[in-house]
Ligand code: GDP
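Only one chain is given next, in structure tokens, and it is the form predicted on its own.
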């Protein structure tokens, strides 16, 4: 672990290489112990990060998973859209578990507030799409970013102001365009409750981060969603509404490109997807259900069953290039323990179908193994085949849900 940590340098980003749900939270939690500052840059409460510590499960939607480590500053970046009641709920849940976060939480004043009416708009838009529905989580993410791009959103820096007039201005347009009623009183009540966050608001996050880095602090950035859901580079239109790449993480925090010293790509040993859109290596029958059950593939935010299938190496190659991955964390290797053979997508034919290569399975448990040499031979061959194909070293391998169930190479 010591050599791996040294290789990461002073600022590392943890970025999903597939369609999300790869297990970014676990490695953020592990690295959070060794870094000084934990940050999240983009997205909203449509993210779901699950950490298991001493058998207890913690689920985060807005907070980065590394916040479990006491004494570490936690930063929510400018690129985020924040539903304040959800944030307060997460803070309260942590406090009930004996973790007092509020005094070390910092929120960019340039982040945008996501209101309940954004959620209602999200549901209306999804319904209007009909057969072309995207499969949104209906957490209001898209509509909140619509307001941001339209330059009529409300930012966190205005939390202490009287925003009743701003909300009244929303009433007519939201009703006319989407048939949604804005409950002004409820929204104002939520804002008033959230005023306990005002001392935690940072006027200029780039200046704060510059000072932290100049003082020698190491920063770990937890990405939300994943590269194939990126608004620019993902499988459009079946994407999220923010920049989910390493470049998006830097933009969302106000860090310069040269600040990033390493970037860890997170990929499952197979693949999953939530919502609509292409999934060339998807398994829809008995095999897909087996992967779903073994991997516990149900959305941590929505509870929806995830679509399951196999790795598609061209996607990992693409993600590796876009983000400049310096290392890969391959997660959930143990989910494949019972497979006699493991197909891997290696290309696309002229008809647009995935070309598959079948590798031998290992049919023995890898759960909890922490020494690479103790993995079954076929498991090592599988890992090394992926590594060679994408040209990025697989330095971390997840062999179970627990924080300690990780191989470091």
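This one's a predicted model, so the numbers in the text were calculated from it and none came from an experiment. Positions refer to the first chain, counted from 1.
From this point on, the text means the form predicted in complex with the ligand, which you will not see here.
- Do residue 331 and the ligand come within 4.5 Å of each other in the model of the complex, heavy atoms counted? Contact check for residue 331: yes, within 4.5 Å of the ligand in the model of the complex.
- Query: Are any of the heavy atoms in residue 48 no more than 4.5 Å from a heavy atom of the ligand in the model of the complex?
  - Reply: Judged by the heavy-atom cut-off of 4.5 Å, residue 48 is in contact with the ligand in the model of the complex.
- Message: Taking any heavy atom pair closer than or equal to 4.5 Å as contact, tell me whether residue 306 reaches the ligand in the model of the complex.
- Response: Yes, residue 306 lies within 4.5 Å of the ligand in the model of the complex.
- residue 399: heavy atom within 4.5 Å of the ligand in the model of the complex? Output for residue 399 is yes: heavy atoms within 4.5 Å of the ligand.
- Task: Work out which of the listed stretches, 281 to 289, 158 to 166, 197 to 205, 333 to 341, brings a heavy atom within 4.5 angstroms of the ligand in the model of the complex.
- Result: Of the options, only 333 to 341 has residues within 4.5 Å of the partner.
- Task: Pull the contact list for 1 to 38: residues with a heavy atom within 4.5 Å of the ligand in the model of the complex, in sequence order.
- Result: The stretch touches the partner through 21, 22, 23, 24, 25, 26.
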